[in-house]
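Okay, here we've got a single chain as structure tokens, the form predicted on its own, with questions on binding and movement later.
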């Protein structure tokens, strides 16, 4: 099991290129199940564990996946199976997205109830209700979800704007002749990227990025070439790393509009954030001003950046308040930050952070992907040496992170234990 050894306190400086979005690449890769033609997908963060798992899921179902750098080609290989393997699905909850394409094409699918990060229940009942609204019957059998009956176009209204459910129903609707309307849909940029991919395949998707999405499906979808958008969560994490270490970092290959909510808060806290075409420059001197924040679905402050934001606020000149409205049980990083000297009190969905002049290096452990990002921010800013265990969580969402950080001057190394 790998760990990171970090000697903190060095201001990071230089340029870093942001990888393609993991959360956009995952559904786009799975959407290739909608066609028997080859699809070429560029700017895929192929070194990430979740992406590699997705390749294995596709191959287990019947596809062939060829990888060259960040370029992925998904080919037809053999007749597709309509049952996803438990040993893979249990490792990544995004695997449940295979339900939409397979159910729409074949009228039957069996998918194990998925696993994923330990940040709360994250139920898939919204997915299931959406499929039922389009005519599916549901059966639970020995931990598996079985959906059958041919789907028909119709109207789906989500009780809350779930990203995964929106993607699943969009993919299902893309292969149904007729018009399907999804109300109270998620609005994230990753939804828009998937909509563009499905439209290129031959469906017509309008309204993505808003709360109502209309999908006009097609009986036969074609293979296409597509480039995945930049990863806005990696973008935000490097922005916070630059500020927390008191450095100056230029982020390349980004979409500034995607991190607008973070940029606004960082400027309020004293960071200088300059945006240009495909780039963001972040610099910071001194400790941040405490700024209150509440997570919210896009375009609000991303829940996936709440943890690294908390790490930065641990250094603020005063008290800040952080409210987590998206997931329960997403403050597990607070205790580990406390081992480094942070003063954080958590009550329910709210964390109160009393800033300290400096954090100190300590042995700490990542409990999930975004908590791991928080520990990286804290360790890079801290005085002394920090040992971060269970970095496989970080590897799920950050591609070659130690290499990118070293290029900015960070003293970080990966150690196998």
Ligand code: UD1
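Positions refer to the first chain, counted from 1. The model shown is predicted, which means the values in this text are computed figures rather than measured ones.
A second form of this protein, the form predicted in complex with the named molecule, is not displayed here; the remarks below concern that form.
- Mapping the unseen interface onto this chain, residue 23 counts among the residues with a heavy atom inside 4.5 Å of the named molecule in the predicted complex.
- The closest heavy atom approach of residue 164 to the named molecule in the predicted complex falls within 4.5 Å.
- For residue 73, no non-hydrogen atom is located within 4.5 Å of the named molecule in the predicted complex, even though that partner is not displayed.
- Proximity of residue 177 to the named molecule in the predicted complex falls outside the 4.5 Å heavy atom cutoff.
- Scanning 193, 336, 234, 304 against the named molecule in the predicted complex with a 4.5 Å heavy atom cut-off leaves one residue, 304.
- A heavy atom within 4.5 Å of the named molecule in the predicted complex is found for exactly one of 109, 280, 94, 151: 94.
- Contact with the named molecule in the predicted complex, defined as any heavy atom within 4.5 Å, is confined among 155-163, 339-347, 252-260, 307-315 to 155-163.
- Interface residues of 320-334, taken as those with a heavy atom within 4.5 Å of the named molecule in the predicted complex (partner not displayed): 326, 327, 328, 330, in sequence order.
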